[in-house]
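Encoded as structure tokens, the following chain is the form predicted alone, with no partner shown.
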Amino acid sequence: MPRSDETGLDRRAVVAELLRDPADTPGGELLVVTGLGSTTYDAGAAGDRAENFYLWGAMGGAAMIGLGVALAQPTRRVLVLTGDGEALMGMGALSTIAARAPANLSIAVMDNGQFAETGHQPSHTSLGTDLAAVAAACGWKTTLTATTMAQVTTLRPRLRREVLFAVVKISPADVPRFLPPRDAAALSVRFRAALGIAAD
């Protein structure tokens, strides 16, 4: 059952809601780039799809990969789904994306205030860093922070139709890992196929 108390929202429920009905997206199926770790597990648990590009490494790279996809596929909507730890590691990407201003890219950060993959150490967002404010200072026109499932439900269509940087406050509680495909070459081939790009 989703929680919206002081510990934050249930991450698995949040991601399932954000990725629900991926075909309900202008330009075709929603393209999703996930960050290293938990957001990859969450997206896979919500439904493994060829249009999901999972990062199993390159922490801090999800936003820039999402930018590359958005620029290469300007008629498709791209959602970067990542965590606070990864967003903190790649903060320069927020300035670059704001400067390029692709009309088809949004970012949703699952913020649990910790570096979950390396031992649950407190992240900077639990020590005062406001990623939505950082994105706004980098030039993003629309940023917001969601703390309730009602806000997440409202956020879902906006991420598919606006240029938006959103932070969702989630619980730091562990959830069972769901491991989607891990073969990077195979993931690349199937993602390209989903975009109608022939294999080399």
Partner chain sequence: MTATSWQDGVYVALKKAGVRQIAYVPDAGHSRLIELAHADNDMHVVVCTTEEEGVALAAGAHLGGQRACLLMQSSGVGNTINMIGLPTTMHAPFLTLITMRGEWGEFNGWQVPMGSATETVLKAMGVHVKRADSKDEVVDMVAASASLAFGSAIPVAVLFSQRLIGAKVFVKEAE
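Source: prediction; values computed, not measured. Numbering follows the first chain given and starts at 1.
Below, we refer to the form predicted together with its partner chain, which is not included among the displayed structures.
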Consider the chain as shown here, without its partner, and state which of 45, 136, 64, 163 has a heavy atom within 4.5 Å of its partner chain in the predicted complex.
64
Answer option from 149, 59, 132, 155, heavy atom within 4.5 Å of its partner chain in the predicted complex:
59
Looking at its partner chain in the predicted complex, do all three of 19, 126 and 171 come within 4.5 Å of it through at least one heavy atom?
no
Please pick out the stretch from 171-179, 22-30, 141-149, 49-57 that is in contact with its partner chain in the predicted complex, where contact means heavy atoms within 4.5 Å.
49-57
Is residue 110 near its partner chain? Define near as a heavy atom within 4.5 Å, in the predicted complex.
no
Residue contact check: residue 114 to its partner chain in the predicted complex, 4.5 Å heavy atom
no
Any non-hydrogen atom of residue 73 within 4.5 angstroms of its partner chain in the predicted complex:
yes
Is the gap between residue 81 and its partner chain in the predicted complex 4.5 Å or less for some heavy atom pair?
no
